[in-house]
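The chain below stands alone and is given as structure tokens, in the form predicted alone.
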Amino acid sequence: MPRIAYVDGRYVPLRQAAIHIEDRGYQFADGVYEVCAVVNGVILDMDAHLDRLDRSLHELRIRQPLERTALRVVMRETLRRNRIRHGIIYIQVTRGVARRDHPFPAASHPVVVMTARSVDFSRIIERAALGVPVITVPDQRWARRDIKSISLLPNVLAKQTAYEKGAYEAWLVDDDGHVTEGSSTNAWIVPTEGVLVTRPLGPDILAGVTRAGLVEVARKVGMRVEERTFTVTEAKKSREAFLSSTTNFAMPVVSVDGEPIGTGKPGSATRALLKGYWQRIMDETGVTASDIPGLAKL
């Protein structure tokens, strides 16, 4: 079945989807985006994602392209037309089309683009059973990482470096030697039993929706969450480490820069968090362990 995209008010075949050459997203990366996971046809944490989209638009002074009710309708219709049961939906909003000039155009309308695709979550669960390696690289991004901007070139370069070195992710490190976050994930460590550490919210990191969900799950199962900075050295000495994102949920990190974390295998705290997070998803969506291979083994 051909994929369908929503582009500026129209549903079109993905191969025919296009924007104007003078769209400011194309010329200046003047736009924002969101990625939402979809399980059993349900968009996870939809309100939290749309709240963050609203905030990003506000910070860049891009006006709302659609009322939230209409945006929800378009999201669900995009999923329906693509017959997505388990997957992701991508939403992008740019300032719109205008003659190329750095200042904001006096008149333009925001352009909304949406795409959706299937994701095999069983493969992610299989990967989590083994854990993943990460490397560290200098954080070279701009100072407003709390805005989910489409300007992602430093993230792309970091991720490419990770792939070239056989790692799953790159953790970005500030000038003081502290981990900020991953190129497309939030970073966590477990320095002692029952204690999770992740960098506090602020302009240095993106306020991950999954991050917030994991904080909720952790507290529910009796773990303490410390929102503070941590160094690469502290990470390497920790009992466990993991990363989080919309599709990874809680992914165990088993090595940093080639040095094993703890036993070099996924730890009990991360496994408990992942199990608790999937229980949260099952409660929200009605999906069962038998629907996704590997889920029953968590």
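The numbering used is simple: start at 1 and walk along the sequence shown. Keep in mind it's a predicted model, so treat the numbers as computed, not measured.
There is also a form predicted in complex with a small molecule; it is not shown, and the following applies to it.
Taking non-hydrogen atoms only, Asn155 approaches the small molecule to within 4.5 angstroms in the predicted bound form. The small molecule in the predicted bound form is approached by Gly182, whose closest heavy atom lies within 4.5 angstroms of it. Residue contact check for Thr94: none of its heavy atoms lie within 4.5 Å of the small molecule in the predicted bound form. The shortest heavy atom separation between Arg239 and the small molecule in the predicted bound form exceeds 4.5 Å. Comment: the small molecule is not present in this chain, but in the predicted bound form one of Ser245, Asn40, Thr229, Ser255 has a heavy atom within 4.5 Å of it, namely Ser245.
In summary, among the residues His178, Arg199, Lys148, Arg81, the only one with a non-hydrogen atom within 4.5 Å of the small molecule in the predicted bound form is Lys148.
Here the chain stands by itself, but in the predicted bound form one stretch of 201 to 209, 110 to 118, 123 to 131, 220 to 228, 201 to 209, has heavy atoms within 4.5 Å of the small molecule. Judged against the small molecule in the predicted bound form with a 4.5 angstroms heavy atom cut-off, the residues Tyr168, Lys265 and Thr270 are out of contact without exception.
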